[in-house]
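A lone chain, given as structure tokens: the form predicted alone.
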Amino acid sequence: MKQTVGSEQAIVLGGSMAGLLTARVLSNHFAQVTILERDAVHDRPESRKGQPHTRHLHGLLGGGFQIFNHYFPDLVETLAQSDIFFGDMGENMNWYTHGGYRRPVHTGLYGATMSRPFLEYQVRQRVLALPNVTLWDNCAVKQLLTSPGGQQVRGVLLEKRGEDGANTSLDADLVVDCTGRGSRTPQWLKELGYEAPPESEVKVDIGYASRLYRRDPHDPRGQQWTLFTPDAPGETRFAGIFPIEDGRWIISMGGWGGDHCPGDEAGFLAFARSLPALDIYNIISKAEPLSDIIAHKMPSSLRRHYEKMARFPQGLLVLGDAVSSFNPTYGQGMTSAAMQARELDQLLAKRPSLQKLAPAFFKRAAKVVDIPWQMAVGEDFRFATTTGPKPPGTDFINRYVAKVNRASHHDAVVSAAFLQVMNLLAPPTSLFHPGVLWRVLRGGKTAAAAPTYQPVQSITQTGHHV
């Protein structure tokens, strides 16, 4: 008789977004799910010590938004009633790239802009309201507990901080590592006599700085989201400003290859003024700052290829940034984690054998990660300073995507097709569909493309924006 995945206890390592989504999925299949979080967790939106990136601009792509809506059906109503942008992502974008603004277009892709702590808090409330999910905070996981010989993970050894400091063991049928880029699973595997997973690393030397500003709730610019992305290799700087909860703006600005945004007042404003359009500068030069300027650096994108491992212990999985952490400027992290969690849900519904669970899941997770990874590192290789394994055909694809970007200034069909790909709702190959290809090669200058949309100048001249 085959040994199937148990239905009693599952443990999730890490209480951030990937961990919360995983716990939600596991609640469908296990009698008890316990989330172990290293930091203290309070009943409010917050950025914890172990989450340095949560203070910066975040985006939930359309593909991720649909998955969140599936697992948390009342989340949309909460977001719609909040003081944030909520609406069609294509109709409400103000996105400058490759010398112009993408043409706004109705997509049916609903999105919202909010701080990462606010979104995580909304998700955490809903996950912890489930009767079979528990969160233990201030828990440091010391090691995995295994069967003799290390072939099966049976739980974890943890230290509950703030108490007597004694170690406690917690048994489980399944342990899922969602601790992010700093995951200790590769080291634990070596300690158990396994090989560490092969890695792919693409060095990008991204650095950016972020700040919060007060936003006038009557400012019509708060009904849009704004991005500036560079026309590489000639340009290296990017920026984004989103309206978020509590009447605030959040802005992040930075660049590739060491062209990082300064952390001082004058340098921060000068960086905003150096962008190809003044939308962001016109807001922050007049708005009241509500936070310090916070810097963050991301030296590389990192992918761990668990799907390539010949041996892996039973009862253990790895998910989210612990599998692949992308260049964060593309906003793919939360959506990739959500897609991986959905694959886990669908796989567990088939009641796979414990022996086959990890290989089957890592194969599915790899397919999820393949597209955003190729999109992110391919885009990064437009910059001469990027180094690492370069996907075949990258230069050809980048030349074509540059034409797509320029055609999207005028052509609604091309603009909509690009947004579908960017939101991980359509494969990049869809941009080569004949109905898109001929429009791109014509430069988007078709009869259906007029009129040209020019939001930034008119908006900034009237004191409006985002």
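Position 1 is the first residue in the sequence shown; the rest follow in order. Note that this is a predicted model, so its numbers are computed, not measured.
Same protein, other form: the form predicted in complex with a small molecule, not shown, and the subject of what follows.
> Only one of 222, 180, 240, 255 gets a heavy atom within 4.5 Å of the small molecule in the model of the complex. Which one?
The residue in contact is 180.
> Check each of 260, 103, 382, 116 and return the one that places a heavy atom within 4.5 angstroms of the small molecule in the model of the complex.
Looking at the other structure, the residue within range turns out to be 116.
> With heavy atoms only and a cut-off of 4.5 Å, decide whether residue 403 touches the small molecule in the model of the complex.
Flag for residue 403 set to no.
> Classify residue 51 as contacting or not contacting the small molecule in the model of the complex by the rule of any non-hydrogen atom within 4.5 angstroms, answering yes or no.
Within the cut-off, so yes.
> Under a 4.5 Å heavy atom criterion, is residue 313 part of the interface with the small molecule in the model of the complex?
Looking in the model of the complex, residue contacts with the small molecule do not include residue 313, since no heavy atom lies within 4.5 Å.
> If you check in the model of the complex, is residue 26 within 4.5 Å of the small molecule, heavy atoms only?
Contact check for residue 26: no, nothing within 4.5 Å of the small molecule in the model of the complex.
> 69-77, 226-234, 357-365, 320-328: which one contacts the small molecule in the model of the complex at 4.5 Å, heavy atom to heavy atom?
Among the listed stretches, the partner-contacting one is 320-328.
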